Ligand code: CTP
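Below you will find one chain, with nothing else, as structure tokens; this is the form predicted alone, and questions on how it binds or moves follow later.
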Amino acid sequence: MAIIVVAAGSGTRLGGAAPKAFVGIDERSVLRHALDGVFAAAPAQVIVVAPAGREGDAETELFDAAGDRRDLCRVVVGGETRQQSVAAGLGALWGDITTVLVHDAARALTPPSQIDAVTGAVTADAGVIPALSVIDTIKRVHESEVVAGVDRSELVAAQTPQGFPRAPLEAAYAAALSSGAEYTDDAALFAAAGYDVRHIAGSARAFKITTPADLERARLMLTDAAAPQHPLVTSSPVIPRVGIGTDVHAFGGDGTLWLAGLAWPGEPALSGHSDGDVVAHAIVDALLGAAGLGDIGEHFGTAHPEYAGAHGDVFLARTREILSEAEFAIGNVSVQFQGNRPRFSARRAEAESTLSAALGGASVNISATTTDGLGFTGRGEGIAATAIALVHPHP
């Protein structure tokens, strides 16, 4: 068996000073973390496809990760496209290799168990990819218009390594070269040649480091994993993280006021891209900030027309899914809103129960106050909210 680790990309979206595979996550590079996972899996020939001019750096990382298995290793230079780079890796395979895995170095935290699972699932006539179910609501769009919904039950998000029987994979690459076709991954190329591709369960840790936010996510995961244990604690430590979020909306929207997950008939509505629920929105920012996963604008802003008019419970439920995918659990949330109206105390328990349910049962506490006539809230122009959230990584 052989694993081709593709590390030849430039990583322009990451914005680093070096090609993406050589950017540091901690004291080790993206490539080194990927190789650590590879060498923790079953023994295999390992071929790293590096950018031209970085072969020496790639070889250093490869040999350091390999230890006493250096005889299994080789570095080759990649091409202008990912497909050309994988083809270069295929050209370096030993003659007796029958199964080939193609792995993106950018999926640096992929568990070794996922690599082994793909290896074990490859057959003589079918390829295998690890994949995660698609949780987001998917929309088909044209320019700024939402055209239609897409049935996500038929969709999965593909990961790597992707595994294949060698002879059909080489034949598929020869066919692609002959036709000049370019494919986004090896499974698509393999399927286009008429071969079967199956999928197995992937891992949230096998996410692809593409943007600065992805790099920060990887750093947080490694920081949590490296946290020291108390001598009396036998399980992995759980280091909590705290985030803060604020939101402000003015009165002047259409329809009914939505606040703290509830409708308030007879009250003036808040304006906003969605329902203007400042309490729910502040909680979303606090949770995302605590986990280092961006902010509400990144996940639910105007670039996501599918959330136009959505209510706060939808935002919170999706935020919980985002945190879960990044292996964070929600501890508790405390939020206070400032405004002259509505009168909140009689519905406090109902609101806390609604928001808690949207967050999977996490504890939610809501308080309300006025500003004694001061500021825009005191003048009755809108409502402001501030939330604090506690999250912790899954042990």
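The shown structure was predicted, so the numbers you read here are calculated from the model rather than taken from an experiment. Residue numbers here begin at 1 and follow the sequence given.
Below, we turn to the form predicted in complex with ligand CTP, even though it does not appear here.
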property: Three-residue site 8, 106 and 208 fully in contact with ligand CTP in the predicted complex at 4.5 Å by heavy atom; result: yes
property: Proximity to ligand CTP in the predicted complex (heavy atom, within 4.5 Å), stretch among 170 to 178, 190 to 198, 72 to 80, 292 to 300; result: 72 to 80
property: 4.5 Å heavy atom contact, residue 99 to ligand CTP in the predicted complex; result: no
property: Heavy atom of residue 85 within 4.5 Å of ligand CTP in the predicted complex; result: yes
